[in-house]
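Shown next as structure tokens: one chain only, the form predicted alone.
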Amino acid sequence: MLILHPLLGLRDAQEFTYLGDASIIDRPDGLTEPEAFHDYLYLRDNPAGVHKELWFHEQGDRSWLVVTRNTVTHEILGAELARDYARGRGRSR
């Protein structure tokens, strides 16, 4: 599998470490939203189809990417820096 890194171009997926669902970027506050935080920690979807995932470029520039991938065909549809993805969702960090 090849991942189109937004800064470095095409890279082999073996350079990356898969973390999981990109929704973990939207972590709720555990003190003000305990039920939402519980769900965030323990409940995960296992979708078939297009899905956003977090990947770490461990053997490269050590950046975090949000990769859009079809989990049925394994086709990579796009990738963006996780910081840009988070900022686009209203997260400043």
Partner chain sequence: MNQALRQTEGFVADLPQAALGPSQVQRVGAGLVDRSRTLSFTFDGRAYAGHPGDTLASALLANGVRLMGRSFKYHRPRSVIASSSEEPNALVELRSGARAEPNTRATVVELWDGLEARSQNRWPSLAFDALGVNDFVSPFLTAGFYYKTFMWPAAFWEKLYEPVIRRAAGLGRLSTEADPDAYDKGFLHCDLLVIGAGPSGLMAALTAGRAGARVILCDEDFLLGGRLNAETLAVGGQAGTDWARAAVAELAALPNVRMMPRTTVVGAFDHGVFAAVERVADHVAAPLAGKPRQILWRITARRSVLAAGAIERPIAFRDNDRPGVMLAGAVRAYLNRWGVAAGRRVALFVNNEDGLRTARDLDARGVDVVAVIDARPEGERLPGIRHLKGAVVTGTAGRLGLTGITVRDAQGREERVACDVLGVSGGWNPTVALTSHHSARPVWEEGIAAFVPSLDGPKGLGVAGAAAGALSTHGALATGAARAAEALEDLGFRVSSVDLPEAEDAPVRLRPLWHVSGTGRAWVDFQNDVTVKDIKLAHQENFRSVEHLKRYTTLGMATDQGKTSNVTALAVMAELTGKGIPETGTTMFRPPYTPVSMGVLAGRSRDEGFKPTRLTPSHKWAREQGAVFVEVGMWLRAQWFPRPGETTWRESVDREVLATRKGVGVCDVTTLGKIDVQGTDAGAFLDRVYANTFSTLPVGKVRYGLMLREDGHVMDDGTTARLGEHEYVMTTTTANAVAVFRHLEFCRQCLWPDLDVQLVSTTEAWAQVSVAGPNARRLLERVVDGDISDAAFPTMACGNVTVCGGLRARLFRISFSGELAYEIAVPARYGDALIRELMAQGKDLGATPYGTEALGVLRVEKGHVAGGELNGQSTALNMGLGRMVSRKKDSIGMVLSQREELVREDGLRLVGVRPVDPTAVLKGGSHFVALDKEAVAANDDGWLTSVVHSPHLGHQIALGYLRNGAARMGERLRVVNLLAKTEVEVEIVSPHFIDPEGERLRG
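Numbering follows the first chain given and starts at 1. These figures come from a predicted structure and were not determined experimentally. The term rigid core refers to the most C-alpha atoms you can superpose between the two forms while keeping them within 1.5 Å.
Quick note: we don't show the form predicted in complex with the partner chain, though the next part is all about it.
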Practice item. Would you please decide whether residue 82 lies within 4.5 angstroms of the partner chain in the predicted bound form, comparing each non-hydrogen atom pair? Key: yes
Check your understanding: Using a 4.5 Å cut-off on heavy atoms, what residues in 19-47 are near the partner chain in the predicted bound form?
Key -> 19, 24, 25, 27, 29, 30, 31, 32, 33, 34, 37, 38, 40, 41, 42
Check your understanding: Superposing on the rigid core, does the Cα of residue 29 end up 2 Å or more away between this form and the one not shown?
Key -> yes
